[in-house]
Every structure is written in C-alpha cells, then in structure tokens.
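Below sits a lone chain in structure tokens, taken as the form predicted alone.
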C-alpha cells in the first residue's frame, strides 16, 4: 500500500494550511486536521487555528531505552512504519532513508524514528541487529517497538499512515511507505513516498527548509 487512496489525498489537501507567501523564505504547509478555537483577547473574540499534533506515546528503541514523545521535544523528525522481515517495500524504504540519515546525522535537532508493526518478532535484539546491518549508530535514528495496538492507532489515527496485519499479504502485514515529516511542535509538515528516490530528495530539501524556519525564528532580533 505505497499510495494513499484518492479520499485520503483529498483529506490531506482539505486540511492543509496555506503555503505562505514569502518568496524569500519558503515554508512548508502544516498538514492534518485543524480546529478553530475562539478566545477573548482584550475584550474581543479572536479565532485561532489549532493543528492536530502527534500525541503522547511510549516505546523502546534498539538500545532498550524508553522513548516517549517528550524525547522528541525540540526536534524536527521523520517517521515511518516497517517490519524487519518485510519482503517488499521496507528494504527499499530504508535504503532511501539511509540517504537522509547520512545527510543529517550530525544535525543536533533532527532525528528519524521507525516504528515496527511486528513487535512480537521485532524484539530489541532484532531491531539492534537490523540497525547494525543498515549501518545505523548513535541516537539519530531510533527503531521503535511497542504494543501493536498502540502502534497501529498512532500510525492510522495520528500519522495518517495505513498499517494492518493481513495474513494474505507478503510477510503478513500491509503498510504504506510514507516518510512523514514532523516539526518541533509535533505537527505534520509533509508526506513522501519512501520508495521513490525523487520524493526522498524532496524530503531532504524540505527538512532543510523546516530546520531553517525554526533557526530563523529562534535567532534574537
């Protein structure tokens, strides 16, 4: 399931924020569900737009360390879903993700997280061997294992990525190959086909745009 359905594309388009208009400082859209919240400021009603964010979670990484949503505070990150015995798109996805890893592994406020959708098989030990085989070291790319129900809910409801068990599918699981770009405020800023080299190149460029957006905002005037 490497491609979203037409309905999902319409949904993403519907809930995408405006793409900003400053040609000198490109910014990425904010994606996902949003709500209008009314509040009173100086006696006047003001309508704010509140965007859906990635909620609290708790998993364990390939080193056996506990990783929560708080572990990603202050980071731009890319998330994806996979399983180590995947015979189809996962090997391609992670060969492409290695390009992102190699480009940004020394950037202090960037991370990659990959959620296994087969936690029964993908133990901490299995994830560590998988990471070693890929050439992953340090803490820039975490392979995360948690309860299946929590992982699937996080993927489908919050990242808007389809993941499911299907005994009739190759490897026994079905999932989309999206790389999801998340900003420091836990908002979705982009979707990229992890099996498409051109899409991964675009992701690499968009990561820089997003990091620059925060670095510019954080600089004192």
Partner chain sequence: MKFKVIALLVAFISLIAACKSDEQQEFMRYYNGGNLLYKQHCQNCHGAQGQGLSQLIPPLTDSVYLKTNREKLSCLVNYGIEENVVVINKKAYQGSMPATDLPPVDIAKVLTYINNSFGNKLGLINVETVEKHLAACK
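This is a predicted model, so every value here is computed, not measured. Residue numbers count along the first chain shown, from 1.
There is another form of the same protein, the form predicted together with its partner chain; it is not shown, and what comes next is about it.
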Interface check vs its partner chain in the predicted bound form: of 71, 123, 140, 88, the one with a heavy atom inside 4.5 Å is 88
Pick from 130, 83, 77, 101: which residue has any heavy atom within 4.5 angstroms of its partner chain in the predicted bound form?
130
Tell me, yes or no, whether residue 95 is in contact with its partner chain in the predicted bound form, where a contact means a heavy atom of each within 4.5 Å.
yes
So which residues in 144-161, when you check its partner chain in the predicted bound form, have a heavy atom no farther than 4.5 Å from it?
none
